[in-house]
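Taking the form predicted alone, here's one chain by itself in structure tokens.
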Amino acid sequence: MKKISILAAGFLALAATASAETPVLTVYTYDSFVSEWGPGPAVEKAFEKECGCDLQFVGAGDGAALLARLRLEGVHTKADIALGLDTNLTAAAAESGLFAPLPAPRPTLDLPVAWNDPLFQPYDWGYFAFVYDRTKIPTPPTSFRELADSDLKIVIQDPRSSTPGLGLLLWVKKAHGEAAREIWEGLADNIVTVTKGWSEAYGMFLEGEADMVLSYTTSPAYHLIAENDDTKAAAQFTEGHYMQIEVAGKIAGTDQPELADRFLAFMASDRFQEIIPTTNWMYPARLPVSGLPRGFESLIRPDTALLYPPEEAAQIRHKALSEWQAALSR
């Protein structure tokens, strides 16, 4: 018995040593990224296969909540990488001083806009849109004003905690300028509720609690490809659609700088980018050799792409939020 105990102790010690020698990379991201149907599981498996490391994803709510958590933790954060911010938040993230410059060389990207941010690397992009069921709404609204004049019920996300919610706020502001508050006053009666994040809102829509939900022009691809369901569609608005570019950045205080750089390089690889379209249901930041999955060609393409530069988005955010709060509190 003593020999067995000694051998068991030896095996435990070896296991502990092996575990201690395995480098750990901690990536903070949003909840849907790490869900069983999101990109997280496939990305983790693919990267660990080539890095000999332990990739650990930590869900931190939605994108805006992710930045709030990083600010709260400050230099004591356990994150090595933050994945899930977008251009509406990058100026504020840069001001935090928590991010390190991207490693060279920078990857070649396939974005609809030029990209030269020194701190943040895009990994996907898309357009915000209201998604609906064709069988229930044969003729969807084609503008915010038409939506406000209708009796359709919508569910949206909170711009203080959700990147889609913030995207909608800036979409209305970019499209309507000083008339943004008027648009929100018109939409107030259509809004069933404001959820903390995207997952809750989309779930309510699928359960029939709203006629339309704020999501993406690419969301119907999920139903078409994964469920063979062509009843979901995105309404095309004449004033254009606001663009979202999602990014990742390296935390300046990481104790795994080389591994973090390796992960950022992996994010631009074919393996990572081919995972994105059918798990995160967005356009990849760099088109993989395999191209886009069949079904993406059926998605609407906005006539006008709307986007504030990061610094301008940061400046206008508070005014847009005040207009939104005032209109919805009436």
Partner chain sequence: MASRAQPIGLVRWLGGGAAALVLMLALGTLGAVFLHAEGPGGLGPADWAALRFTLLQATLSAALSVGLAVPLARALARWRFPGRRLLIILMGAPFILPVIVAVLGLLAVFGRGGVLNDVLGRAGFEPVSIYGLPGVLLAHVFFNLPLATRLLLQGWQAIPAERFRLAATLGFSTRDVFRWLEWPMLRAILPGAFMVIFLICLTSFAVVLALGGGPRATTIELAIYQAFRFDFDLSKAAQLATLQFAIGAAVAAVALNFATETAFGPGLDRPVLRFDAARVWLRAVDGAMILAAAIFLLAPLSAVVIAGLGQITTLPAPVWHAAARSVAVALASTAITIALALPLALLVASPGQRRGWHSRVMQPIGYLSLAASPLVIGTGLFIILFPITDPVALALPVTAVVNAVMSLPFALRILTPAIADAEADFGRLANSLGLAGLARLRLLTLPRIRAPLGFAAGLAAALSMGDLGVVALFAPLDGATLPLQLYRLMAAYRMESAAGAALLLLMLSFALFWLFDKGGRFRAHA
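Positions refer to the first chain, counted from 1. None of these values were measured; they are calculated from a predicted model.
Omitted here: the form predicted together with its partner chain. The next part is about that form.
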message = By the heavy atom within 4.5 Å rule, which residue out of E209, D255, E182, E146 makes contact with its partner chain in the model of the complex?
response = E209
inquiry  = Within 4.5 Å, heavy atoms only: does G295 come near its partner chain in the model of the complex?
reply    = no
query = Though only this chain appears here, would V24 touch its partner chain in the model of the complex if you measure heavy atom gaps against 4.5 Å?
reply = no
ask   = So, in the model of the complex, is E73 in contact with its partner chain at a 4.5 angstroms heavy atom limit?
value = yes
ask   = Would V58 count as touching its partner chain in the model of the complex under a 4.5 Å heavy atom rule?
value = yes
key: Location of its partner chain contact in the model of the complex, chosen stretch of 58-66, 259-267, 287-295, 301-309 [non-hydrogen atom, 4.5 Å]   = 58-66
task = Answer yes or no: in the model of the complex, does its partner chain come within 4.5 Å of a heavy atom in every one of L119, H241 and F272?
result = no
remark   = Near its partner chain in the model of the complex, with a heavy atom at 4.5 Å or closer, the residues from 194-221 are V194, T195, K196, W198, S199, E200, Y202, G203, M204, L206, E207, G208, E209, A210, S215, S219
